[in-house]
Every structure is written in structure tokens, then in C-alpha cells.
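Take a look at this single chain, the form predicted alone, given in C-alpha cells.
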């Protein structure tokens, strides 16, 4: 696999040299882009000697279409270390050097391994920029906690090279299974109108679906993302946005797929719709709710590939309800998670197949999504 490492200006740049060496020893072909800041900490010769890498700097930026050629060459792009500065530039669409221009041209999700001081790591502007990168499908690796270059102790350390190499090796294994498969992912929450102003919906953030789309896009699956409601756009080869349950049903029943991940939170009930705006005329407004169509059951009766359902349940009934849903709706797998996962960045899920529990995973939703797609690739 061809791995492009973008190295920005941080004392953690020495770790990227170890990362390049590890990847080289695992048989990967390594390319390196060094920013001007990175050259203050490390030299091109080090990467050339230890990893057999082709190393480029900003001096190569205007020598033809270097950034386009690099973006087309790489199977995986990882920015390690990813400084506050380079994260902000990529999130803002700035492409004023070889690294950021290559990131702008790279057609797949990028893996960022942040490195910075604790105060910078907790800066609200950085938090926003990280959310932007996640929202378009890039992967943000966690940071470590411990001694920093300043002598302080806290969060912000770049992950160790062995941990980053593990992520990349995992991605290679995912590609072996998922590359070329047509994968439909629904995410977010449907809504049903009360009148022309108000709706009934749910608190789904769509983060799990975004994470699944990100990992599967990196694994070169043909991802068809179906967003419900106003959740961010997921990285995908095809993208659709729907609102109501019937819109979702009609779209999915016409789709072909190898795998379908039904991660969307689909409304179980809908109110009787009233045109216009209901006037505030009394202290109580009574809504009459009726059952919506059971999209997942219809998909199970008209199955075109492997069907993965999701179940949000009370913790003490998790397994019972997941297995019931799996059998009654003719699913292949169910990802079950407790109600307290709603809207949270961290979660705990249980993956069930027809014969029972296949795995239990916890962490942030990007980590858990990688565990799910990895486990499904091995069954």
C-alpha cells in the first residue's frame, strides 16, 4: 500500500520518522511531504535513509502538478504530526503549500494525528475545526496525555508511531474486504410534520453513520450515504438527503447494495398533518399519532444484500430486543447500543449475528465504527 505522510512543524516530527520506518518494514511504499516548519525539526535525508521514502518540500510545489500527482499516487494520506495550524488551514480550505494543496486534492478521507500543547488542544477554534474535518469524513486520531515538550504534563501528545501504524494496517485489511462493494448507509433522524412549521423528530446526531461512511470510504467501498434531516454530508460516492419516513422507504426499496447499514433513527409514529400553522388557541394541544411504515421490515422482506440494523434500547433489555429484531425483521446483523448513547461522542455497542453476540466495542464513535466494519469483514 502507498502511504503519504504529511509532516508539519512540531517537535513531534521525530515520531513521524519512526512511523515511516515502521510502515516501510511492514512492506508499505512511503512518501513524505515536509512543511517549512517541519524542516526545523527533521531532514529529508532521514526519511530517505530509514524508509526509502520519496521526500518532497515546498520547493517542489510549483514543479508541475506535484500536489495532484501525490494525491493520485497515495492509497492513504496521514498528517502526523497535525499541528493547530495545519488543522485550521485544511478545515478552512486553505491550500497555500504542498501539504495543504495535496490534502485539498486527495479524494479520500485523511487521517490526522494531532500534536500540540494542552491549551491549544482545548481551544474552541480548534474544536470547531476538528468538527469540520470530522463532518466531511476525515479521521481525527485521539491524542495522548503525558509530558509535553514545554515541560508541562497534559493532553496533546501525538499518538505513538506504533499506534498510528496499527490504524493504517487496519485500514489495509479493511480494503481487502470492502473495496468495490456497494454500501448504503442511512444516518441522522427522520422527521414528520405536525403542520407547515412544526415537526416531530428525534435526537440522533448522525455521528455513527458519518463514522461508518468515513471508514468505508477510506476502505474504497462505493458508499451511498442517505442523510435523514439536517445532519452533515457524509463522505460518499453518492449522496441523498431525505426527511420523512416514506421518502426514506421509497428511496431504499429502489436501491441495490451489497451491504446496507440502517443507522438512521426512523420515526415510529407520525402526527396527523395539518396544512398551514396551528394557532396557539389553548393551553393544551392534542396530537393524534399513527404508526409509520416499518422500513426495516420491508427491506428484510425484499433483501438485496446483507442487512445491518441498529437498535437503541434500555440496557437491561439490549440483547433480548436485538435478537428479536434480528429474527422478526430478517436481518443479518444488529448493532445494539444503550439509550444513553444518544447525542454523545462516546458509545458502547454490541454486535449481534444470527447465532448471538459477535463483539462488544466502546470508545468514540469513530473508533467503534472501525471495530464494526472490521468485525463484519471477518465473519
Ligand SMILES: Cc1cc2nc3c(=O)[nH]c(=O)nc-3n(C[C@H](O)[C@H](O)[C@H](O)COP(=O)(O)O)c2cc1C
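Residue numbers count along the first chain shown, from 1. Fair warning: this is a prediction, and the values are worked out from it, not measured in the lab.
Heads up, the form predicted together with the named molecule isn't pictured, but that's what we're talking about next.
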The named molecule in the predicted complex reached by all of 8, 35 and 115, non-hydrogen atom within 4.5 Å: yes
Proximity to the named molecule in the predicted complex, single hit among 191, 84, 106, 259 (heavy atom within 4.5 Å): 84
Region of this chain that lies against the named molecule in the predicted complex, out of 303 to 311, 282 to 290, 85 to 93, 218 to 226 [heavy atom, 4.5 Å]: 85 to 93
Distance check, residue 246 to the named molecule in the predicted complex, heavy atom within 4.5 Å: no
Partner contact for residue 61 in the predicted complex: the named molecule, 4.5 angstroms, heavy atom: no
Proximity of residue 132 to the named molecule in the predicted complex, heavy atoms at 4.5 Å: no
Heavy atom of residue 120 within 4.5 Å of the named molecule in the predicted complex: yes
